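Have a look below at one chain only, the form predicted alone, in structure tokens format.
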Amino acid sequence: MSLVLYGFPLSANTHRVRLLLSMLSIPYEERTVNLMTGEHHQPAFLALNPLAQVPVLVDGDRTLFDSQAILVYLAESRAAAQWWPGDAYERARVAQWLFVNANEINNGIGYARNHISFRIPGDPAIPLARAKAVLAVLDQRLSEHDWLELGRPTLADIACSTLVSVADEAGLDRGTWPAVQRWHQRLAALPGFVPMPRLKARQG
């Protein structure tokens, strides 16, 4: 049975799964869950993810939520050691950036983007400060390395790149972090790359 990805076009969490599926050339069906109309709170979707969050991946009789967990599942189940190594230490080095994405990047760029571009109520000052701090860390790391870990593209790069690529939608000038910009250009040049959908383009 083919894979089914439940997601929302402008969701960075959905996009990082979409990006890996494309880079691994894995066929799948994407079903849109309309977050703007509250479809994620309907019983049919809550049966897939009681947290009411996208994405959800259904692989036959297997159902998974959380984009980081889905990335790991796809890489392991498809024997994609390029992206998720078999060595325990190397795997942990990649995994640490998945946690950076889930925490610092999401709570920084993600929350600021929600407040500024999606107009979700709240003060963007704290997430903006967190965003600038983590972008400075990424920029320093990527000024010394082409990729976040292991000298090659891994799940670390896929996980961290989606929200970073739309940092301007969080009110941030991406040109402030030139090493991050060059890193994203390298990622965009890889076979199978698909860009994160742009909020402004959809509004225009």
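Predicted, not measured: the structure shown is a model, and the values here were computed from it. The first residue of the shown sequence is 1; numbering continues from there.
The same protein also exists as the form predicted together with another copy of the chain; that form is not shown, yet it is the one meant from here on.
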Taking 4.5 angstroms as the cut-off for heavy atoms, does residue 107 touch another copy of the chain in the predicted complex? yes
Looking in the predicted complex, any heavy atom of residue 66 within 4.5 Å of another copy of the chain? yes
Can you tell me if residue 152 lies within 4.5 angstroms of another copy of the chain in the predicted complex, counting non-hydrogen atoms only? no
So in the predicted complex, does any heavy atom of residue 88 sit within 4.5 Å of another copy of the chain? yes
Check, residue by residue, if 53, 92 and 111 all come within 4.5 Å of another copy of the chain in the predicted complex, counting heavy atoms only. yes
Contact residue in the predicted complex, chosen from 41, 145, 31, 62 - any heavy atom within 4.5 Å of another copy of the chain: 62
So which residues in 96 to 131, when you check another copy of the chain in the predicted complex, have a heavy atom no farther than 4.5 Å from it? 96, 97, 98, 99, 100, 102, 103, 104, 106, 107, 111, 130
